[in-house]
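There is one chain below, alone, in C-alpha cells, taken in the form predicted on its own.
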Amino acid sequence: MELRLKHLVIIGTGLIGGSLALALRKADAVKRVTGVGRSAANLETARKRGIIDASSQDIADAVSDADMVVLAVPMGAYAGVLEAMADTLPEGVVVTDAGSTKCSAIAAVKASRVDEHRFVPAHPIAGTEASGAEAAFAELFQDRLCILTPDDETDRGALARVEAMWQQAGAQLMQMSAVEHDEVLAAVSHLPHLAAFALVNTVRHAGEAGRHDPFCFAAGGFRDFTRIASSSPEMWRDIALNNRHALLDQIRAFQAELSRLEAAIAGSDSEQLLAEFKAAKAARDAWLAEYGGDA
C-alpha cells in the first residue's frame, strides 16, 4: 500500500518521533508535519533541522486536521495526551504510538474518549541512548523490526495505513499480541536497561565508600555494557512501571542466574562456572549469526 499522508502530527518530537518524520520525508510519504511537545527549544531544533514544518504546544489544536497522529511520549504521559486530543480529533483519523509497553498503551486508549478501533499499537525496535530532536536521523528504522499489536477490534483500514507508514520508514513488520510483546521485551530490552542502571549505581556506591573513584579504571567492557544507562531516566521509569509484572518475572529469573554464579564462585566450582559461561557465549554467538545483532 502506497501511503501519502497529508498532515502527520507527532506528539513528542524526540529521537523516535523525529526520526520517523525524517524517514517519511525522505520517502516522500508525507506532505506536512506538525510537532507537539513541552519544550519550545526542542521544537525549534526540530524545525531548524527540517523535521517538522510547524510546532505547537496545544495538542487539541494541532490534531484538529490531522490524518495520522503518532504518540511518541513516555508511557506515563499517555492518559493526559489522549484526553487533550479527544474532542478535536477529526473523523477517520488514525492514532498510533511508538511506546515500549503495549498492554498499558491499549489500556490507556480504552480508558480514554479516543476511538479505540482507530488506534493501532506499534513499537519500533530501534533507538539509541541519545534523546531529543537533535538525535533524530532518517535511517533509524531502516531494516529494523516494528511490532504491531492490533486486536480483533482494530479497524483494518487503520492497521493498513500504519503498516504502510512504518514500511515506508524502512521498518520490517511483525504482529503479535500485546501480552506476548510485553513478555518478550521485558527480557530482551527492559531487563538489560535495569541491569545497566543497577551496575552503574553499584560502582557509584563503591566509589563513595572507597579511596579511589572506580570509574577511572573502567574501560571498554564497562562502557559497552552500560551504554544504555545513559538513556532517559524518565522514559525508563515509565516503562518499568507500566510493564511491572512481566519485568518482575524477568528480574527474578536474572537473580536466579546470578545466584547460580554466586554459588559456583563460593564453592570454587570451576566446571559449573565454565559451563555457564560457555552456554552464554554459544547463545550470544548463535544470535549474532542468525539475526545479525550488533556485536
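In this text the structure is predicted, and so the values were computed from the model without any measurement. Note that residue numbering follows the sequence shown and begins at 1.
Below, we refer to the form predicted together with nicotinamide-adenine-dinucleotide (NAD), which is not included among the displayed structures.
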task: Could you tell me which stretch in 169-177, 215-223, 148-156, 97-105 has residues with non-hydrogen atoms within 4.5 Å of nicotinamide-adenine-dinucleotide (NAD) in the model of the complex?
output: 97-105
query: in the model of the complex, does residue 81 have a heavy atom within 4.5 Å of nicotinamide-adenine-dinucleotide (NAD)?
result: yes
- prompt: Any of the heavy atoms of residue 252 lying within 4.5 Å of nicotinamide-adenine-dinucleotide (NAD) in the model of the complex?
  reply: no
query: Does nicotinamide-adenine-dinucleotide (NAD) come within 4.5 Å of any heavy atom of residue 45 in the model of the complex?
result: no
field: Contact test in the model of the complex: residue 203 vs nicotinamide-adenine-dinucleotide (NAD), heavy atoms, 4.5 Å
entry: no
task: With nicotinamide-adenine-dinucleotide (NAD) left out of view, choose which of 247, 239, 62, 30 has a non-hydrogen atom within 4.5 angstroms of it in the model of the complex.
output: 239
- line: The one option of 138, 196, 77, 114 with any heavy atom within 4.5 Å of nicotinamide-adenine-dinucleotide (NAD) in the model of the complex is 77
task: May I ask whether 20, 70 and 162 all come within 4.5 angstroms of nicotinamide-adenine-dinucleotide (NAD) in the model of the complex, judged by heavy atoms?
output: no
query: Can you name the residues of 1-35 that have a non-hydrogen atom within 4.5 angstroms of nicotinamide-adenine-dinucleotide (NAD) in the model of the complex?
result: 11, 12, 13, 14, 15, 16, 17
